[in-house]
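So this first bit is one chain, no partners, the form predicted alone, shown in structure tokens.
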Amino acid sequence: MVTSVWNKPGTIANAFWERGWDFEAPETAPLPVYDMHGHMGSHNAIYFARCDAPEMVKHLKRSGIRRLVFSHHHALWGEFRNAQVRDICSQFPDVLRFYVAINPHRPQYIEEDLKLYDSFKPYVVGLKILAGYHKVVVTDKRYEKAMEFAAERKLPVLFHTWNGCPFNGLDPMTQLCKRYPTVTFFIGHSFSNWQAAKKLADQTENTYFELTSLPGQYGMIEHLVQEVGSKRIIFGTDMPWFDEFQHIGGILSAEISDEAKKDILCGNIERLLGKDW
């Protein structure tokens, strides 16, 4: 009879199964978890059980997430300013961090928010670009100011990506990653295709592949670890679109080593950003 990873003493999965990860008592957790891809706020296309900061933070604590880095839905559409997102984070300083939302259809907002970037500290982590929804290819000139800013400061930029998408698929993302070698690219959803992720990883060194929606696809985590390497993979959920517990469970139950799980859940981000950010 095969023993489940959850029942193997000494494993990260067993530690989670036996006692959970109590955010209020972090010394009992086997490791921190950093969710590098979140959102906040309502959305016209879906109902969310929790999409505002107080309810989201409660759920993050229940699931043992040390930090959530998010972009606000309404800031991405230009209905809400990034300064307001900074104010939300300041109410939950131990848990929330944010990406400055970049909307190519609001160039005046981009310019204003980049000037305000330092005032967003210590809560700001980098930028977020959602080209597939804005219908503007990532290589377009309308992103240049934001990308040059990120390059100068060596910031991470999270991109929503999808294989075959003309706005953020493999070809335009490859061009962009090579154009800005000092930017750390977080490849949201990893194109939802491990073959595309491998092609980009093989051609670049400044890319990290994020896992939103992938733990539910059988074998996807194992393929990514084998082809891209655990040192290039980061954890994310798209919360509130997906649930923290489901994604953590997907990583912990994957047929990969505990070392690889640590890389994904916390190690790679701590190498990039440190342990206190």
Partner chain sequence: MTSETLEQKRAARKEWLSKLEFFDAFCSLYIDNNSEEFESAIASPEKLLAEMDRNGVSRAVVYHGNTGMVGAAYANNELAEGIKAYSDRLTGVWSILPEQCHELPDVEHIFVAMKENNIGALTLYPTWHRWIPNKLTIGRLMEAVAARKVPVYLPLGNGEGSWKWVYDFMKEFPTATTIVATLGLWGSDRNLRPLLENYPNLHAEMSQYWVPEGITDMAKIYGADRLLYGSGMPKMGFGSTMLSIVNLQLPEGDIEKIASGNIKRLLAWN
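In this text, all values refer to a predicted model and were calculated from it rather than measured experimentally. Residue numbers count along the first chain shown, from 1.
There is another form of this protein, the form predicted in complex with the partner chain, and it is not shown here; the text below is about that form.
Engineer: How about residue 277 - does it come within 4.5 Å of the partner chain in the model of the complex, if we only consider non-hydrogen atoms?
Structural biologist: So residue 277 does not count as contacting the partner chain.
Engineer: Applying a 4.5 Å heavy atom distance criterion, does residue 54 contact the partner chain in the model of the complex?
Structural biologist: Answer no; every heavy atom of residue 54 is more than 4.5 Å from the partner chain in the model of the complex.
Engineer: With the partner left out of view, is residue 242 within 4.5 angstroms of the partner chain in the model of the complex by any non-hydrogen atom?
Structural biologist: Answer yes; at least one heavy atom of residue 242 falls within 4.5 Å of the partner chain in the model of the complex.
Engineer: I'd like to check something about residue 247: if you look in the model of the complex, is any of its heavy atoms closer than or equal to 4.5 Å to a heavy atom of the partner chain?
Structural biologist: Residue 247 belongs to the contact set for the partner chain.
Engineer: Heavy atoms within 4.5 Å of the partner chain in the model of the complex: which of the stretches 215-223, 30-38, 64-72, 228-236 has them?
Structural biologist: Contact criterion met by 215-223 only.
Engineer: Taking the partner chain in the model of the complex, which residues along 49-77 bring a heavy atom to within 4.5 Å of it?
Structural biologist: If the 4.5 Å heavy-atom criterion is applied to the partner chain in the model of the complex, 49-77 yields 49, 50, 59, 62.
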